[in-house]
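A lone chain, given as structure tokens: the form predicted alone.
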């Protein structure tokens, strides 16, 4: 077996870290459900749920990449995510709601920046006017 290249090795380590994070999160969620419902999950069950979850996330990522590529884009956008969630009405509604909230927040932030920017320009203009009046005053005093 030939040694892995540096990029392949980094990719493998990254994948292992992601799998470990998914496994940990699934374990925490199973523990919460177990406490709430009074049931137990075996280690094998948690491992199976973790593996299925990781594979499903990989599939989601590939689908999102394909949706963007189909749209002749290199960036995945919210419409791609909505398209991915189209089979689950509740998930689609939730994602649409959050997308609209984000769009509204972004619009509000742009408006605030615009107001700050125009206020700063207004101050600069009035500062320039004050300086011009002072210069004129000094000029008239010298004359």
Partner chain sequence: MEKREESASGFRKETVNKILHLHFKDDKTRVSSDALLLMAEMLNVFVREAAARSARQAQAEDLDRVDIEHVEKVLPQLVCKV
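Computed from a predicted structure; not experimentally measured. Positions refer to the first chain, counted from 1.
Keep in mind the form predicted together with the partner chain is missing from the figure; the text below concerns it.
Indicate whether residue 14 is a 4.5 Å heavy atom neighbour of the partner chain in the predicted complex. Judged by the heavy-atom cut-off of 4.5 Å, residue 14 is in contact with the partner chain in the predicted complex.
Report whether the minimum heavy atom distance between residue 114 and the partner chain in the predicted complex is within 4.5 Å. No.
Does at least one non-hydrogen atom of residue 93 fall within 4.5 angstroms of the partner chain in the predicted complex? Output for residue 93 is no: heavy atoms all beyond 4.5 Å of the partner chain.
Evaluate residue 35 for contact with the partner chain in the predicted complex, applying a 4.5 angstroms cut-off between non-hydrogen atoms, and reply yes or no. The answer is no: residue 35 has no heavy atom within 4.5 Å of the partner chain.
Considering only 26-60, what residues come within 4.5 Å of the partner chain in the predicted complex, judged by heavy atoms? Going through 26-60 in order - heavy atoms within 4.5 Å of the partner chain in the predicted complex - the hits are 26, 28, 29, 30, 32, 33, 37, 39, 40, 41, 42, 44, 45, 48, 49, 52, 53, 54, 56, 57, 58, 60.
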